[in-house]
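One chain is shown next in structure tokens, namely the form predicted on its own.
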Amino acid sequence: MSVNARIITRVGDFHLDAEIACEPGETVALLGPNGAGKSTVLRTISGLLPIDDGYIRIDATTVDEPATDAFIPPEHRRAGMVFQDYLLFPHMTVRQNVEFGPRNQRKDHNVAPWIDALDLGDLLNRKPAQLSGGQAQRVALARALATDPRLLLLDEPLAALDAATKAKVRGDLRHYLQAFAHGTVIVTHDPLDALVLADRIVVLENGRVTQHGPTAQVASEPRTDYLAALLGVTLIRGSVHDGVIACDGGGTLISSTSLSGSVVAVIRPQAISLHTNKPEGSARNVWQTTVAAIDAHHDQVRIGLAGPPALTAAVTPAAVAELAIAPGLQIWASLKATDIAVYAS
């Protein structure tokens, strides 16, 4: 296993208690809001911050365990770190930056394969100030990989890029990580980074792991309000009997589930239709409600619907004009039972 850790530590008033594991060849994304403890996890694994309790093992070697007084300093942990702002040495050329790690470790590693793999051949004599954001990211990645790490740690690796560059670099990074034989842990607050780059996602909130699992499963079954909002869906908790969900916040929804007991329902805003009059059709959930909020969201408009249950619909700007949608408007909504994804909680 590339890393296996139970990290318990305190930084000021913030308390972190999280378990993290990453298999060889696997990419794990730490996803969470600002202040959740994501970067603190990387700092402890890399050795920049000692833990107060628990353990950290990299490639079966215990690198930090307060109970046994074990602590291996960062330079001997075989963990390659790429910081959010890359932190390339400004006075060094690209070649010197990539070669820095092996030279500092007094190891005779051949950096040519990473220079070739990351397409840096034409940049070797440039200084960091002469590089684009995407080029600097590739140099930082090559510098980390040149030390022959047993674990790769990436702290918001795409955050410094502009939107036009980010899509291409995200795809390139996925390609590079798939070729890396050891584990990779990525910190991000961008769900798209996690969905594209990671095999598994660990959701961290307020210093605790609130959800974890394969990327597709976490994306389709969000269990926390933070993750649901991040993925653009509405999360409803309640109990179900004979397909009828009694929502915890009041109101009911008719679903097609065969489950019984406590559940979490996930509803896509695009699944809710809005109407000026009571609609006819097959939708089993039809109700009159009030427009509580209107918010532009990319090429759609999110319409907050007063509860219970409080839901969010997504419509086009043209539909907003056609329906004359405004805060306080009385409007009809419909939702098919089959468009409600229900999971046991």
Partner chain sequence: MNKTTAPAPRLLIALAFLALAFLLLPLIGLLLETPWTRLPELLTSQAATEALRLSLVTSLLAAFFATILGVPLAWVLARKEFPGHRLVRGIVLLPLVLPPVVGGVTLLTAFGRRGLVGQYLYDWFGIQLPFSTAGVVMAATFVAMPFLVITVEGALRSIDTRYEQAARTLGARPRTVLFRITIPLISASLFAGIVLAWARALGEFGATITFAGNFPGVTQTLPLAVYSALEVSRDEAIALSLVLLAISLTVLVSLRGRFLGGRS
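Quick caveat, the model's predicted, so the values are computed rather than measured. Positions refer to the first chain, counted from 1.
The following text describes the form predicted in complex with the partner chain, which does not appear among the structures shown.
Across the proposed site, Thr188, Ala198 and Asp225 without exception lack any heavy atom within 4.5 Å of the partner chain in the model of the complex. The contact with the partner chain in the model of the complex, taken as any heavy atom within 4.5 Å, belongs to Gly101 out of Gly101, Gly207, Pro269, Gly238.
Contact annotation: of the candidates Val169, Leu231, Met92, Ile254, the single residue with a non-hydrogen atom within 4.5 angstroms of the partner chain in the model of the complex is Met92. In the model of the complex, the partner chain lies within 4.5 Å of some heavy atom of Leu48.
Heavy atoms of Thr147 reach within 4.5 Å of the partner chain in the model of the complex, making it an interface residue. In the model of the complex, the partner chain sits beyond 4.5 Å of every heavy atom of Ala219. Leu87 belongs to the set of residues with a heavy atom inside 4.5 Å of the partner chain in the model of the complex.
The chain is drawn here without the partner chain; in the model of the complex, the stretch among 74-82, 261-269, 179-187, 110-118 whose residues come within 4.5 Å of it by any heavy atom is 74-82.
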